[in-house]
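First comes one chain, alone, set out as structure tokens in the form predicted on its own.
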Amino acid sequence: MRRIFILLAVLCAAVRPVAAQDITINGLADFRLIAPPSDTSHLEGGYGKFRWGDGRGSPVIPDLAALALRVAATVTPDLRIVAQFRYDPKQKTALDMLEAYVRYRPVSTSNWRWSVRGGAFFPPVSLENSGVGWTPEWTLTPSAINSWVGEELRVIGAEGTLEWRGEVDRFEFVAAAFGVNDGAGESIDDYGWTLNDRAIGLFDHIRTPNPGGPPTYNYQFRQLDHAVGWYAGVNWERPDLGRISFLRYDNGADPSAHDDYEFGWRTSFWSLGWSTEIGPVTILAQGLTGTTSIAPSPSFVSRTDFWSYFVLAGIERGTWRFAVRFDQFATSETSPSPPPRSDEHGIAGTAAATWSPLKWLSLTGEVAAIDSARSQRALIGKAPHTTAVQAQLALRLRF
């Protein structure tokens, strides 16, 4: 955590001299009416798969989903500083930072172009989350894949990109080295895949399942060893095909390392994504498969395999935007611990409609349903199989 503070101090010092330069500020205020499911949300210590749910069958409730701010400062035509903040009283600190980085991309007059960025930022996995506050563009709730990325993954390090632009094809090669994310993977072992639009801030923590007991937490952003994590990928884009993205990620954590708060979770995965347009319809499709493991002692090694994929179709008609998405996901644990295992499998469907009469105003209705089975639900006296539905109406103000 100390490295994060040092990083932020350096970024703040870098921002100070650019006060008179080009600064762009974008904001989002997101107000919701929610009809939550009956299960207790994983954010409240339960095994619920959605962001909301207190286990008491609450009726429709109003809530502030997010107040987010994105600040981008252009120091020179080549140098740019970006930071995203979010206010949420349910976070560990009400005002938190989602990412903050410096990017250097020199102007190029050839087919080749390169850039580097350093700081704290999301890995280039998501096809959905490009809005202020790392929000998805087509729905209120991101896919299971990108819900997990927002909860557990953050790059605190440096990334380099090399781009080749042809007359038709465009290739992009990306690689990064990072640290301070040795806790990533614990939550997908603890409660599995979720549909949740609340990305974790750099100073936040994630509650672990402990129904009826005192709150306990996971701390994702910690460095427990001297190893360096990495990812590398390639993107291919052409007008008649769309964009194909391929990435290999490995946080490099030592599964036997630990401190007073957290163990090292060695997490790695492959990701393959495709985005295209077929007539007026936008298609997003992505699959991710990986493992996370922990080895507190030579006699205790626990491994969880996980995978998920989704397909989203969206269409715009004037001031309206419609989207539907299908998710499927699973986890499987191999561990010396007694049953029940943290095994699960499930499917989810999401439908959303957005009306934007003004550039700064939108109204979105969304219904999402999950049908899943998780063995650990037996620990709280419930059947492993459950079906949950969450409905939301969001009023969003942008500037």
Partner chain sequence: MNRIPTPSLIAYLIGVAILSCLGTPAAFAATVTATITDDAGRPLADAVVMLAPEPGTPMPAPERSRIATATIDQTDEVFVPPVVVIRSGGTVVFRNSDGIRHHVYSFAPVRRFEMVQAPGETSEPVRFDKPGAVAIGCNIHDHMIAHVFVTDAPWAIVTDAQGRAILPELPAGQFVATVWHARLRPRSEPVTRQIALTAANASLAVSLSVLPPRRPRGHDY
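From a predicted model like this one, the values you see are computed outputs, not experimental measurements. Positions refer to the first chain, counted from 1.
Keep in mind the form predicted in complex with the partner chain is missing from the figure; the text below concerns it.
Trainee: Sort through 226-234, 184-192, 75-83, 197-205 and report the only stretch with a non-hydrogen atom within 4.5 Å of the partner chain in the predicted bound form.
Mentor: The contacting stretch is 75-83.
Trainee: Looking in the predicted bound form, any heavy atom of D254 within 4.5 Å of the partner chain?
Mentor: Residue-level check for D254: no, no contact with the partner chain.
Trainee: Using 4.5 Å between non-hydrogen atoms, is E277 touching the partner chain in the predicted bound form?
Mentor: Residue-level check for E277: yes, a contact with the partner chain.
Trainee: Please run the contact check for H42 against the partner chain in the predicted bound form: heavy atoms, 4.5 angstroms, yes or no?
Mentor: Result no; H42 lies far from the partner chain in the predicted bound form.
Trainee: Tell me, yes or no, whether G242 is in contact with the partner chain in the predicted bound form, where a contact means a heavy atom of each within 4.5 Å.
Mentor: Close contact exists here: in the predicted bound form, G242 approaches the partner chain to within 4.5 Å, heavy atoms only.
Trainee: Tell me, out of R303, K92, R248, R103, which residue has a non-hydrogen atom within 4.5 angstroms of the partner chain in the predicted bound form.
Mentor: Going through each option in turn, the one that passes is R103.
Trainee: Within 4.5 Å, heavy atoms only, which of S299, T216, T319, S108 is in contact with the partner chain in the predicted bound form?
Mentor: The option sitting close enough to the partner is S108.
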